[in-house]
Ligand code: 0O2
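One chain comes next, on its own, written out as structure tokens in the form predicted alone.
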């Protein structure tokens, strides 16, 4: 007799194959990919322009991804929504995602402001987890933007999620994600969470120190103006 887990996996596999074969879904994913590439191009252009102004690139790397079909299905079911292309387009903001890794926190805000100031970009939502970290210590700037794509049958606005992090923030988030989904973790889970939060605070302070050192090297701030050590 099949286990419930195996049955669930088989049903999900069937739903995934069915979803991938439907024309409306394929066309929707195509539109998300086009929108994602449009936003990426804008960020690449900004990176090039700002590098000429400042003699350095404001971001270290950029990556794009389209949410996997199982992840889309799982999110629709979790929200109690129908498994349709219309439900995806109307209710999910993170089907198309871009992650930008910057050197310093200031670079994040400069890039985000320049991106959102472009007249064909609509800012729908902004969540600043750098100034207001999540309780677990997660830090990042999240934007939900709409951008027009031009198809054979006209113009269509599509949503793209853009995440901005520093190298240090990305390092912490990647490790925290891996540790979070480990099974059978021995020891005190609350203690592990507390220590991860402490690491996040220390990484944030390191980001600020490195930023001030960079400004000092560029003669933008006087010597000895680094942020004071945070009291415990």
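Positions refer to the first chain, counted from 1. Worth saying up front: this structure is predicted, and the values here are computed from it rather than measured.
The protein also exists as the form predicted together with this ligand; that form is not presented, and the subsequent description refers to it.
Using a 4.5 angstroms heavy atom cutoff to this ligand in the model of the complex, none of 42, 107 and 114 count as contacting. For the options 90, 136, 118, 82, the one in contact with this ligand in the model of the complex, meaning a heavy atom within 4.5 Å, is 136. Residue 163 is the only one of 163, 204, 47, 193 with a heavy atom lying within 4.5 Å of this ligand in the model of the complex. Stretch 171 to 179 is the answer when you ask which of 26 to 34, 193 to 201, 55 to 63, 171 to 179 has residues with heavy atoms within 4.5 Å of this ligand in the model of the complex. Although the partner is absent from this view, residue 146 stays clear of this ligand in the model of the complex, with no non-hydrogen atom inside 4.5 angstroms. This ligand is not drawn, but in the model of the complex it has no heavy atom within 4.5 Å of residue 159.
Although the partner is absent here, residue 122 sits far enough away that none of its heavy atoms falls within 4.5 Å of this ligand in the model of the complex. In the model of the complex, residue 94 approaches this ligand with a heavy atom inside 4.5 Å. Annotation for 39 to 57: no interface residues with this ligand in the model of the complex [heavy atom within 4.5 Å].
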